[in-house]
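Just one chain is shown here, as structure tokens, and it is the form predicted alone.
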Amino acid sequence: MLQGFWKLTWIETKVFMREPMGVIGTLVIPVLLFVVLGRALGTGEVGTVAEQAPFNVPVLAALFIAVSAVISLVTIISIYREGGILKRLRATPLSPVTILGAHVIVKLAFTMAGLALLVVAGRRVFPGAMDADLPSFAAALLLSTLSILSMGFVLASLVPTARFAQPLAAALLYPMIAISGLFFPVEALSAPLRVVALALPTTHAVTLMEGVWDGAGWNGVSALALVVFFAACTALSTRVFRWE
């Protein structure tokens, strides 16, 4: 079983590498976003990226890494279902946990690769701007990505065809960033939007990663909210996920 899991994970890694939007969205765009916004909003001096920008640029870049991984997941799962690949995999001795777990491991691995590139670019272009607790920040990003990925499995079942998977996932996920509290406080939103924002994993991901980045440590409420969201979406996906 374990051998089958790692073999499938390696296959899914190669598939991901052949999917341009997944690689570009997870590894390239967040780094470019960080460098361009960092230069535009800071002065290029030590620490100015975090201190002078009107929002946390590294957290925005990290959130883009997570969201891009989820959009890639929704797209690939939809393509697999429409092409009958999921049905054929389901007929193998591999368990559903093994099949879907391989996708999760691949997305989390590339999330960490994206963060590593972000750190390398940040230390090279903005010396002194990447002095946060990086292991803790990486753990916060992994938890955030895992929580949002659980929603990706639900979305992958609801998207009607592979053709619309990527645009529909992007149309849903990217606006979630806008009301996540990254650009302005959630308290500034209207009451209905505030309720929506607090029910989204991106909002708690931003709170968690900002706290770690600023040195305040982990926000227990946000971390718990991400875990609860993961559990709820995982339970829901077991009911609505379609193999064909």
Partner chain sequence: MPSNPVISVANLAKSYGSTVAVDNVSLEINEGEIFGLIGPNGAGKTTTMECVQGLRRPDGGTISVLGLDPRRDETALRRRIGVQHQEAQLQKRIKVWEAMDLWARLYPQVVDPDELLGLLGLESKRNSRFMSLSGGQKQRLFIALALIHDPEVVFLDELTTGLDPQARRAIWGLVTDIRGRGKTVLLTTHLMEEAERLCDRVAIIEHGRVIEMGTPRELVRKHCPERGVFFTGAGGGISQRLESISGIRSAHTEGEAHTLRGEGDDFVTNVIRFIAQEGIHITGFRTEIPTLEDVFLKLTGHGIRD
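Residue numbers count along the first chain shown, from 1. From a predicted model like this one, the values you see are computed outputs, not experimental measurements.
Heads up, the form predicted in complex with the partner chain isn't pictured, but that's what we're talking about next.
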Scan P167, P93, P135, P160 and let me know which has any heavy atom within 4.5 Å of the partner chain in the model of the complex.
P93
Give a yes or no for T238: in the model of the complex, does one of its heavy atoms lie within 4.5 Å of a heavy atom belonging to the partner chain?
no
Is the gap between R124 and the partner chain in the model of the complex 4.5 Å or less for some heavy atom pair?
no
Considering non-hydrogen atoms and a 4.5 Å limit, does the partner chain approach I11 in the model of the complex?
yes
Indicate whether I24 is a 4.5 Å heavy atom neighbour of the partner chain in the model of the complex.
no
Does each of L143, A199 and G220 have at least one heavy atom within 4.5 Å of the partner chain in the model of the complex?
no
In the model of the complex, segment of 144-152, 111-119, 168-176, 75-83 with a heavy atom within 4.5 Å of the partner chain:
75-83
